[in-house]
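Presented as structure tokens, the chain that follows is alone, the form predicted on its own.
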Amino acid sequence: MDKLNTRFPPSPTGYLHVGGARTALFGFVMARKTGGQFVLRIEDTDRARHDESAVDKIIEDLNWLGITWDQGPDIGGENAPYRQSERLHVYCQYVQKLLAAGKAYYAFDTPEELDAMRTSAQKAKQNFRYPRPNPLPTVEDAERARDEGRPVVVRFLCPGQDVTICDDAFGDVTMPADQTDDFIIQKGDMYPTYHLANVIDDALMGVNYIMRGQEFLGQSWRHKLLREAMGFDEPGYCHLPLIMDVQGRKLSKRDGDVEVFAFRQAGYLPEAMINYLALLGWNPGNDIERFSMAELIELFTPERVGKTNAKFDRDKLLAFNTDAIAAASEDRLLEAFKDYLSINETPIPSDDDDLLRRILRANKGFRTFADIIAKSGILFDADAVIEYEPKAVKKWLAKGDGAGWVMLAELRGRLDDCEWTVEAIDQLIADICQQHDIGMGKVAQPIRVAVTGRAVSPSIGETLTFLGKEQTLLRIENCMAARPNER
């Protein structure tokens, strides 16, 4: 397979969307598989929606996923600069060449005039096509219009021919001539439109294979015509199927976060995200579902990219993450857990590796790192206000004429004299169970509810040693003081 140079050109308007992450992943994988170059380019010509802070966010999200690039705004490269806002002079040069060759022309319709044209076409039950002026406006006409305060843009002179795109996923896709029109390539503020800048940058940066979402397939005819007009080679294409929610609607925030950072912040592993994202619209065959990045690069071929819309199933992603956590080494989990703590406010200290390893072991079986906080976070917050779950209080404290409260009273004194180690605490609990001839739950659960407010925490020995003797005794006393008065 020839070396394929691919790119990921995000618009910096916020955090990286999972759809964009999949596009970046497939482009990265294709370049790595063929020994080509992967380019990160920031398409920041939409100044109204531009968010400068989003550039660093996107770079950080990609790095977290393990997607790296050979050329980009942070590392440079032979085709720098990699921000479109820094390449305006390049686009202007090509606009002038197209104007000089009669392949583009000035236009200066107002928004109101354009709206009137569209309304007229709608009333006539026709698709709106921009009416090309005859003769074409001159430079002097454009200058006069600009002096009058009219918006002056440049439109591409569409040759009026059928345009066929050869796509590796969708096959040959043809746009009929009667559905093409003269589109804008340079806006009134002298910034290029997406179509012009995208085509020029791909050509000058050596991109010869384009992977992007299916929503861009209907725009590709414009890009092919521009390449032909400017003498650029046509790249290969692979448009990726749309990502929908489980109800078949366009993926959006209405049913949860869809940004990569949100999943990182929620405690997912990047390798689980990569594994799951790769299966959104691509199938490796042979019933293979679990693979590493290296294995993905080995397995990937564009021929196995499908046409059917993919569904983003959060439950399936959670299952992937649960399996990835179970398969990961403790060193890998420690690294990922520290990353999770670095971007979340939690009471768990992140600078004690030995403690963090203990916490990971004590919470074995967790699905995301957020589960650890939910289960153990309260043990590290000395100022926590304990909110007792009514069901837990009823079952483990009040039931049996307040048997749990009675047990807490005995435990308070005996814990005070206990050596504060996991082994000593576990032995004390076992001794009490034997002395009273009762099950572990009737001793451990009242303590657990008293110190956490819930019936779930790590093993009781780990729970109390994480909490410390002083906090344990204090919380037991507070729980006993909160016992409702009996009437």
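Rigid core: the largest C-alpha set superposing within 1.5 Å between the two forms. These numbers were taken from a predicted model, which means no experiment stands behind them. Numbering starts at 1 and runs along the sequence shown.
What comes next is about the form predicted in complex with the RNA, which is not displayed.
Residue contact check for Phe291: none of its heavy atoms lie within 4.5 Å of the RNA in the model of the complex.
In the model of the complex, at least one heavy atom of Asp313 sits within 4.5 Å of the RNA. Looking at Leu360, you'd find every heavy atom of it more than 4.5 angstroms from the RNA in the model of the complex. The RNA is not drawn, but in the model of the complex it has no heavy atom within 4.5 Å of Gly36. In plain terms, the part of the chain that comes close to the RNA in the model of the complex, with a heavy atom within 4.5 Å, is 180-188 out of 91-99, 202-210, 262-270, 180-188.
Checking Ser350, Gln71, Thr193, Ser85 for any heavy atom within 4.5 Å of the RNA in the model of the complex turns up a single hit: Thr193.
The contact with the RNA in the model of the complex, taken as any heavy atom within 4.5 Å, belongs to Glu215 out of Asp416, Glu215, Glu335, Glu295.
Contacts between stretch 296-331 and the RNA, counted in the model of the complex as any heavy atom lying within 4.5 Å, involve Arg304, Lys307, Thr308, Asn309, Ala310, Lys311, Asp313, Asp315, Lys316, Ala319, Phe320, Thr322, Asp323, listed in sequence order. Once both forms are overlaid on the rigid core, the distance between the two CA positions of Cys433 between this form and the one not shown is 2 angstroms or more. The Cα position of Leu40 differs by less than 2 Å between this form and the one not shown after fitting on the rigid core. Residue displacement note: Lys442 has its CA displaced by at least 2 Å between this form and the one not shown (rigid core superposed).
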